[in-house]
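Here's a solo chain for you in structure tokens, the form predicted on its own.
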Amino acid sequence: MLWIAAAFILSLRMPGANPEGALSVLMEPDGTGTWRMLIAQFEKENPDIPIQMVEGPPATNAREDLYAASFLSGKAGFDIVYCDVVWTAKFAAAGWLRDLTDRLSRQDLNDFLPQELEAGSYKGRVYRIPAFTDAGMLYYRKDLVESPPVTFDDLERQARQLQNGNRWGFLWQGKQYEGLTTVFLEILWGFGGEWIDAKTKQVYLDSREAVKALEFLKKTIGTISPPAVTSYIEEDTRTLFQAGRAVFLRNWPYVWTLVRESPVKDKVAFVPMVHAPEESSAATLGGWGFAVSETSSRVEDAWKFVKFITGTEQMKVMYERMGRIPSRRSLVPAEFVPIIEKARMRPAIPEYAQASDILQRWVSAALTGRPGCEEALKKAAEETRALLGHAK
């Protein structure tokens, strides 16, 4: 994959690929045109700082590879990094990001969500400025569900009762990619389990709680969830849910904006993810922010853009046009507060990408066939401990 990424980066350096003097940033596909609009606003206010936005692939891990290839090439690549919450530790540990700690105002430090600031930090220093936050949540058809589920048993029972030949009970993201990690973690935490302790690097994947979590997901397949759920990503599940083809959906806050313009508008509500009795709900923390590349020769200009794009007014636009929840406490819509407050970080370790790959592979293997849940998690735990250099 990295050689493909390297070829892509090289193409950006071809004549005409980048306007002279422009700061470059690799972004997600700009389907709504919001990023172009905000960049145009910045350029209008700062005519001497043109921005070259490169639209990368929609898959997060593919864009991570592109950034990594850019840095590993040893040449000046992107000036600004559009950074996922789980990239910070890896990129900062590698020396690819500028330390922005001393550039943050006291007002910003107090206004940004604490968990988003933490997700943008490495060894106590801030490298990524939050733009918007994410947290997994459970959507449901309020015209069908009398009382939303609280526990896993509630969810399974209601899904069975309310599904029929035209709609499934429960949709979630089961493809082997980062989305599967986020779903599994919410189930794992809901059973009281843990994955990796970021401080001690202890691994808990072979625990009783982890086995229960994987067994729960596996038994939904073909019963309350479609057999093809193991190939679904966010948009697959959103499309089905909006078409009235499911009772419950696990997804992110962006769906709330889109579902209100769908055939099931006014029929949908959301609650925190369910959990086991005597345990508590937990959402996987997501979100994106902006960082300044260590290779950029125009640090002050890059910082000016980062400060602009993570400003209050820009966050309001992101929410109104894209459904992205602002990462400032003062802007989080009240209905999302109970879920955002319970959002939990994935382990902030430089080896995160490899650890997540291990988890995805073994969870996917158990969901789609052999081995069994207990054996798969045992293998995942062994590989993760080997990766982190931590014996049991």
Ligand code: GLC
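From a predicted model like this one, the values you see are computed outputs, not experimental measurements. When you see a residue number, it is the position in the sequence shown, counting from 1.
Omitted here: the form predicted in complex with this ligand. The next part is about that form.
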Using 4.5 Å between non-hydrogen atoms, is residue 346 touching this ligand in the predicted bound form? yes
Looking in the predicted bound form, any heavy atom of residue 130 within 4.5 Å of this ligand? no
Taking this ligand as it sits in the predicted bound form, is residue 77 in contact with it (heavy atom to heavy atom, 4.5 Å or less)? no
Consider residue 360 of the chain shown here, and say whether it contacts this ligand in the predicted bound form, taking contact as heavy atoms within 4.5 Å. no
Pick from 158, 220, 293, 182: which has a non-hydrogen atom within 4.5 Å of this ligand in the predicted bound form? 182
So this ligand isn't shown here. In the predicted bound form, which residue out of 234, 118, 301, 194 has a non-hydrogen atom within 4.5 Å of it? 234
Which of these stretches, 257-265, 195-203, 282-290, 89-97, has heavy atoms within 4.5 Å of this ligand in the predicted bound form? 282-290
Just to make sure I understand: among 160-181, which residues lie within 4.5 Å of this ligand in the predicted bound form, judging by heavy atoms? 177, 178, 179
